[in-house]
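One chain is shown next in structure tokens, namely the form predicted on its own.
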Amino acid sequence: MRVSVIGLGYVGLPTAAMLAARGHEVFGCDVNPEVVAAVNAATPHFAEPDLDMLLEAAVTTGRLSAATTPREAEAHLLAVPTPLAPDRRADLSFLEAAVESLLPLLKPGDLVVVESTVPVGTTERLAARIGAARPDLALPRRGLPSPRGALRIAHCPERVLPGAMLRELASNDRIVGGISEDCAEAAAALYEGFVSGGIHRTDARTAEFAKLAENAYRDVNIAFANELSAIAERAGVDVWRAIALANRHPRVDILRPGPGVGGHCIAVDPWFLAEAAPEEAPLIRTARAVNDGKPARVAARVLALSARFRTPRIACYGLSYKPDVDDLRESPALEVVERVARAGGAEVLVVEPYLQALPARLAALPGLRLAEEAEAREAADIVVFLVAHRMFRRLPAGLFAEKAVVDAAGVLVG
């Protein structure tokens, strides 16, 4: 089958390479010409284990190529960003632009799959948009058999973890929600070609809702852990030890607190769920407030310690949103470091083994620079652990015995 993948980011590129490895002819499309050039040169534009080998094989065999405009195909996968707008509603402009780019290419019987995370009802609205622009095409109908030659339109939300994307693309169960049953079956047939996990068929609205529920669930539970950490700090309790003891209960599994919540999913998707019925989502909105407020709490704790020193030197360990990746999207560690640096009066050394240079929002701040771990540790009066990278967890706790330590990520926890 010829497959078009629109959006060659963290989800689209591994998916395109995986489809090519399974024998499909894959056309990748991205609006960024630098991304397109990198893909055609078989060079991933972000770090992900084993992606370089898979991509090289896909490109050198001629099964994967990329361009800035989509090409005609039998199946079209949309994997573009759906960021949070300033009003905390989904910004669907990238997805709408992707659909617009497809309109001249669509033909009877084509499959269109939305992988982007979206509010409930989005897939149906996109189908209506296609129908209005292309009245010559038959569309699927919710709950009814589709007319002969109708487009097949479905939502199959991505479920991958940076750092383990290729393994999870193949092994994780997938939800396939079609506007009609035959849409779900057509999409499931494509995914069964490279997914060893279960393929669970449903309608598009339920698939959209389930994806949002997954991430809201995690956000709410992280918020509970973060709230416990704030209470424990006030009460003079070691939150890590307390959680470990509480989790000895057979029906308790409290998550780990941290400096906040980041990434393209958990920090964003709960708002898409609340968007459907704001008055019915007080818990989801409160969890977002707790997690969004955590970076400011961590920064305030660091600045309070800084007051003990005339010109404090602060080593901040980690900038990415999760351990062992270079992904900075929505990273709470970035906000903590920025708040500390903007307060002034301190030298801030950042230790981030997955970056060669500071991101733009930090690079221009005075008194802040990237440093090697040993240099930062030796120079620091205050050490702040923000990300539990594997290399940080391997450091003996005794190395920091004479430092003031804020361990927001549980790096030194035994």
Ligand SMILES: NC(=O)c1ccc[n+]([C@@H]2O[C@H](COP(=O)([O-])OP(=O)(O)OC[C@H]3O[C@@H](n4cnc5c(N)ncnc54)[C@H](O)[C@@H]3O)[C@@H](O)[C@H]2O)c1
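Source: prediction; values computed, not measured. The numbering used is simple: start at 1 and walk along the sequence shown.
The form predicted together with the named molecule exists for this protein as well; it is not shown, and the discussion that follows is about that form.
A.B. asks: For the chain shown here without its partner, which stretch in 180 to 188, 123 to 131, 281 to 289, 109 to 117 has non-hydrogen atoms within 4.5 angstroms of the named molecule in the model of the complex?
C.D. replies: Comparing against the named molecule in the model of the complex, the contact stretch is 109 to 117.
A.B. asks: Identify, from the list 265, 319, 315, 216, the residue with a heavy atom within 4.5 Å of the named molecule in the model of the complex.
C.D. replies: Of the candidates 265, 319, 315, 216, 265 is the one lying within 4.5 Å of the named molecule in the model of the complex.
A.B. asks: Would you kindly say which of 230, 296, 137, 160 lies with a heavy atom within 4.5 Å of the named molecule in the model of the complex?
C.D. replies: For this set of options, the contacting one is 160.
A.B. asks: Is residue 392 one of the residues lying within 4.5 Å of the named molecule in the model of the complex, judged by heavy atom distances?
C.D. replies: So residue 392 does not count as contacting the named molecule.
A.B. asks: I'd like to know whether residue 408 contacts the named molecule in the model of the complex, with contact meaning heavy atoms within 4.5 angstroms.
C.D. replies: No, residue 408 is distant from the partner.
A.B. asks: Does the named molecule get within 4.5 angstroms of any non-hydrogen atom of residue 211 in the model of the complex?
C.D. replies: Yes, residue 211 sits close enough to the named molecule in the model of the complex that at least one of its heavy atoms falls within 4.5 Å.
A.B. asks: Answer yes if any heavy atom of residue 94 is within 4.5 Å of a heavy atom of the named molecule in the model of the complex; otherwise answer no.
C.D. replies: Because a heavy atom of residue 94 falls inside 4.5 Å of the named molecule in the model of the complex, the answer is yes.
A.B. asks: Counting only non-hydrogen atoms and a 4.5 Å threshold, tell me whether 303, 306 and 341 all contact the named molecule in the model of the complex.
C.D. replies: The answer is no: none of the three residues contacts the partner (heavy atom, 4.5 Å cut-off).
A.B. asks: Check each residue of 2 to 17 against the named molecule in the model of the complex and list those with a heavy atom within 4.5 Å, in sequence order.
C.D. replies: Contacts from 2 to 17: 6, 7, 8, 9, 10, 11, 12.
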